[in-house]
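Let's start with one chain on its own, the form predicted alone, as structure tokens.
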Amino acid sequence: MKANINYYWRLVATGGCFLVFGIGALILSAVVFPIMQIISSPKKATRARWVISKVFGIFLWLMQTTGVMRLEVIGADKLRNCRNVLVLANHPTLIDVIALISLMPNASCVVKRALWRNPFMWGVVRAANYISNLEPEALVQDCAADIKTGQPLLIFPEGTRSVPGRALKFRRGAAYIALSSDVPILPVLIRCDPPTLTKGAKWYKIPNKQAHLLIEVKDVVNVSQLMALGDPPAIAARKLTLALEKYFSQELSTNGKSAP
């Protein structure tokens, strides 16, 4: 009986959290950011990113307070203090992007073009000047230019959420960006147990127990540590993509442990 009560409470709480998220995003898009566009300084996108980071942090607090999930971050300071790095993370669940942005108030991010047409999120991604993945060739140039401003750039090399039980499959876009920008890579490992909000899953398909989202920030690595340099761009991108897949797969195969 207790387990059933907990399950249905988390189901209702999950729906409530996403309702709050949608309303909050709509208020940001329709009210807050239009006002900021009028009265803020030239650094409008920077201010918008800071606001988004704080709002995402509040949303995560709400999810934890209501018992929907438990969040654990190992190495959070590495994200908060990172500059001029390419942050690469695997993408097991819908919530991980919210968690990472909440920890990086100045970060840019590559997002799906569909969000520009989303009635709730269009104002958010525009105000923050996030980068669309619509045109692959322009994407590499836009990302390389953005990261040269000195702020971190967040990318999910898979391009979409992982499918539980399947091997990681990275696209080459992240490798091209890493090679073009010539900045260190900050790997972030994300585990979610039990899996929830995975690719294709409905929000109400919640697990039988509270989900534990574990984010582990590793030390920065340089491209030269992952592969030999000197190949033509296409070959180098392919080799780096395979090297990143291997790195993440090996690291994720070990059990993440909480810091003492």
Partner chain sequence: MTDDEILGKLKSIFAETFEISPETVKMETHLFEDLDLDSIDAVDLAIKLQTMTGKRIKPEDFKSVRTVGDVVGVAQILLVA
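Remember, predicted model here, so these are calculated numbers, not experimental data. Residue numbers count along the first chain shown, from 1.
The form predicted in complex with the partner chain is left out here; the points below concern that form.
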>> Taking the partner chain as it sits in the predicted bound form, is residue 87 near enough to touch it, meaning that at least one heavy atom pair lies within 4.5 angstroms?
In response: no
>> Even though the partner isn't displayed, in the predicted bound form is residue 187 close enough to the partner chain, meaning a heavy atom within 4.5 Å?
In response: no
>> I'd like to know whether residue 130 contacts the partner chain in the predicted bound form, with contact meaning heavy atoms within 4.5 angstroms.
In response: no
>> Within 4.5 Å, heavy atoms only: does residue 140 come near the partner chain in the predicted bound form?
In response: yes
> Looking at 172, 78, 161, 126, which is the one with a non-hydrogen atom within 4.5 Å of the partner chain in the predicted bound form?
Replying inline: 172
>> Between 235, 201, 229, 27, only one gets a heavy atom within 4.5 angstroms of the partner chain in the predicted bound form; which residue is that?
In response: 235
>> Please pick out the stretch from 130 to 138, 110 to 118, 89 to 97, 148 to 156 that is in contact with the partner chain in the predicted bound form, where contact means heavy atoms within 4.5 Å.
In response: 130 to 138
>> Do any residues of 176 to 194 have a non-hydrogen atom within 4.5 angstroms of the partner chain in the predicted bound form? If so, which ones, in sequence order?
In response: 176
